[in-house]
Structures are given as C-alpha cells and as structure tokens.
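Shown next as structure tokens: one chain only, the form predicted on its own.
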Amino acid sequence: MVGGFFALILAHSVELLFPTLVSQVLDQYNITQTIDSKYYLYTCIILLIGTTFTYLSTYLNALLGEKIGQDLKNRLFRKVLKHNYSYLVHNKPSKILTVINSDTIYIKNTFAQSLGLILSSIFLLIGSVVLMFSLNSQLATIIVIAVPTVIIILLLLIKDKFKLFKVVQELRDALNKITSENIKATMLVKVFVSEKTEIKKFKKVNQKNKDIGLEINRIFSLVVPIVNSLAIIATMIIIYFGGKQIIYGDMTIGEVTAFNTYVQLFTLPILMLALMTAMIGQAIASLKRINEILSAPVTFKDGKLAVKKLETFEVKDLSLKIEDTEILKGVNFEIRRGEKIGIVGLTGSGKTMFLKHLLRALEPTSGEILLNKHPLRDYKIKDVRNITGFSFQENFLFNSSVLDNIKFGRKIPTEKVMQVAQIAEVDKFVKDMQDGYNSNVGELGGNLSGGEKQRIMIARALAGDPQLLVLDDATSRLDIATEDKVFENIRKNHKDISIILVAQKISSVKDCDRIYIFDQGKITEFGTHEELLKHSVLYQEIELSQKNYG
C-alpha cells in the first residue's frame, strides 16, 4: 500500500508538471516561433517517469487488492469453522457462501481500483487547485466554488438510494439459495417434472435483481453527463475571463492553456469520485455482511481435560430448543465401553439432533452429558472427536479417490486404509474398479451406489481407530448379509469398541445390548429386542410393518 501510494504521488507529480511545460513551450513559440530542443528531452523524461510509476502504482494496488481478498476469505473460512453446527442452523449457508465468494470480491476490487483512484483524485484535486491559484487566484476561486457545489448537491439528492445495495445483496442470497437447491436436487426436480415451477421461482427473483440493478444504474448514469457539463461550463468560464486577462496582459496564452488543463485535472477527479460512489456503496454493504460473520462471537468454549479411554457416556435430562420449537425433551441415555446400543424411531423424532450433542456440534438448552462421569464440556473437544468415529446420515463424499475419501485429510497410512476398507467391505467393490483405490468417486459420490457410499463412510469412521463408533442410519442401503458381515468384522478387529447404531430396520438393531425408542423428541422406552417386542406397542408396529413389507 505504501509502495503504491508513493508511486502514485510521483506519477501525478509529473502529470501536474506537464501543463507548466506546455505553457512555457507555447509562450516561447509565440515569441520566437521556435521550440528549444530541451523541451523535447523534458517531455520524454516526463513520459518515461509518468508511465513507469503509473504502472507501479496500478500493479501494487492490484496486488494489495488480491492479498486483501485472500486474507478476508481465509479469515471468514476459519471463523465459520470455529463455530458450532448450531451457527449454521441459525444462519443461512447460502448467505455465508455469498459473503465468502462474492462480497470479498467487491472489497478486493474496491481496494484494487477505488483506493488508487481515491488517492489519485485527492492528490490531483489539491495539486490542481494550488497550481490554479498560482496562475490566477480570482479565476481559480470561481472554479473551486462552483464545481464542487454542484457535485455535493447531486450526491445529496441520491444519498437515500444507497440502501438499494443492501437489497441487491439479499436478492443475491436468494438467487444462490435457489440455484444451490436445484443443483443438489436436480434429479428430484426432474422426477416430479417441476422444472417450470423452479424456473418460474428463479425468474421472479432474477427479475427483481434486474429491476434493482437498473434503478441503481439510472441514478448513477446521471453523474457522468452532469460532471461533463460542468467541465464544459468551466471551459467557457476560462475562455471568457481568461481571454480578458490575455487582452489586458495579465496572463499569457500559455498560462491560460495551463490553467484550462488544471481545471480538467480538477474536474476529472470529481467525476471519478462520483462514479466510485456506486462501487463504494456496494463495498460498504459487503463490508457490513463480512463484519457480521467476523464479529459474531464464538460461543463454543473448549475444555482442558484429556481423554485417553472411553468408559461411559451418560446423558441426563437433555433438552434442545431452537427458536420456539422443542426438538429434544428430557432425554436420558447411557452407553458403556464395549456395548452396542440401538436407536430407532419415526422420521423427525430427534435422533440425529441427539447424536450431534455427543460431539458437541450442538449444545443442549438444558441437561448435561457426562463422559467418564465428568461433564463433556470439560474435555478437549479434539480428544473427544478423536476417540469417536461418526458416519453421518448424509453420505457426503468429496470429488476425489476412494483412498482420499477414507483418509479424509488425516495422516493415515495406506495399509491402515486397506485394513478398514476390508472391515467395511469396501474392498469387495473397489477391486473391480479400473483404478482400484485411486478411482474417482465423482461429485458427492455420483459414480457409486448408495450402499457403496455407505461402506466408504463406515471405513472413514473406522480409520481413526475410534473407541466409540456412531452410525447414523449408515447401513440403510446395505443388504442384511453385507450389514451382518460388516458388524462381524468390526467386532473381530475392534473388540472393545462401543457402537451407537441409528437404524430404520429392526433387523439392524435386534442384537444390540439395549435399544432406545425416540418419539417426538423423547425416549419413550428402552430395552432389549425381546423386551421391547413384549412391552412396546410402537416397536411392535415397526417390526410388524417390516415383516409384512418383507
């Protein structure tokens, strides 16, 4: 920034000297009808210096903008990852995506373009005013008062329109949300033949976006002709008053020419500043949105205790309320080392939200979670998550190889990957793929079947040698034989591992040490498979419906 500023000062200092040089050439030629050869040398030197330092100024300002853009994106990304999952529950991911990808670009461009232009404009304004007064203070006073007055009046007339930039940002969020939803759910849209509905929805928001953009452009389109008109009026004033000064012998032709050039140098920065109001207005709106994320307090507080071994996980009277909706109500739960616990329940009964509390992805509204008889919040979260393997309900795979998806950025030896891949029965289908473990799974695992994706997810969860394995509906796409084989392999290779298995199929949980039934955010009953078949009406209904379906 400092380098760009000094390069700019030198470039414009030379620019301000040039009209004086032209003035001397004109006056000499008017008297002698010749031009001294030294002026050709001076012109070449001025052009060389001006070009060199203008290039340096432009390049360094662009470099500054890129570095600021990079830094902002890094800071925003780090800040988002510091927040709990609850932060994304309360803030729209589409908005966060727009801030990181779009708002940072506006800030970057503002610094790369506007900062240099603003500094240039200020320097040229001051320099041209000083030099105008040095030539003719009376004429300079008229110009300096008249031109800015009109510009200030113009800006006052449009100042209320800056709120339109906030509307533009909101509409951009809406467009991103609709686009993202349709890309992710493209198959759903096609299956239900709802393309026309989605196109209509998109067109409606896009039309609003266009209308707001046109309104902003109509306003700022007035700026250029008004400022150009001012420049013409200023020239007419100079011709009128400057002509009289030449006639009376108070100014030479060269001085009037130089004065007119300084007026142009005075008017041009005002025009540039007026044009930049649109960009600055957009940047201010973007900066507010960026600041909302960067200044948002991280409510998560890490603990200090280390975890070496998992003995027990206890959940006591856990409740979760988001806004006015009760998600979980007084949940009590326990798992001990080596146990396999099943969780069943209807869709939307709160099973997944409950599991996220075990990793402190969500914090309960009330109640507590104890790990080895100590509050979970007292432990280092990194340790807690290192002893836990989690396979999420969403089969999220990156557009990379099978090997990379199992490693998931961790420093895990390839031999270990192969071992867990065999446990999760991944090896069964990978060996038939053209590049084996180096085969690309496609975006979101598009090259794989649902069952193949789930097996990779289980392998990923096992790769860190967890003491607690949490499988959130992670075997729903596996046939019974493959599912049984996977759990047999896990027990054989991880004898003391504790398992929490959320499943829709009774066949998946019937061999669990205990089965908890979730219903409307509560655990209504628990027991073994045999006990629940005798006493739980809901469990009986689920089991009977699956038998009938089979």
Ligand SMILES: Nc1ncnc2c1ncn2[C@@H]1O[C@H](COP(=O)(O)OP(=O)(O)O)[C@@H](O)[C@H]1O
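Residue positions are given as counts along the sequence shown, with the first one as 1. Small disclaimer: the values here were computed from a predicted structure and weren't measured.
Not on display, but discussed next: the form predicted together with the named molecule.
Though the partner is left out of this view, residue 372 does not reach within 4.5 Å of the named molecule in the predicted bound form, counting heavy atoms only. Using a 4.5 angstroms limit between non-hydrogen atoms, residue 386 is distant from the named molecule in the predicted bound form. In the predicted bound form, the named molecule lies within 4.5 Å of some heavy atom of residue 353. The shortest heavy atom separation between residue 117 and the named molecule in the predicted bound form exceeds 4.5 Å. 322 is the sole member of 175, 403, 322, 234 with a non-hydrogen atom lying within 4.5 angstroms of the named molecule in the predicted bound form. For the residues 213, 225, 348, 442, the 4.5 Å heavy atom test against the named molecule in the predicted bound form is passed only by 348. Just one listed stretch, out of 411 to 419, 300 to 308, 463 to 471, 340 to 348, contacts the named molecule in the predicted bound form at the 4.5 Å heavy atom level, and that stretch is 340 to 348. Contacts between stretch 325 to 344 and the named molecule, counted in the predicted bound form as any heavy atom lying within 4.5 Å, involve 327 alone.
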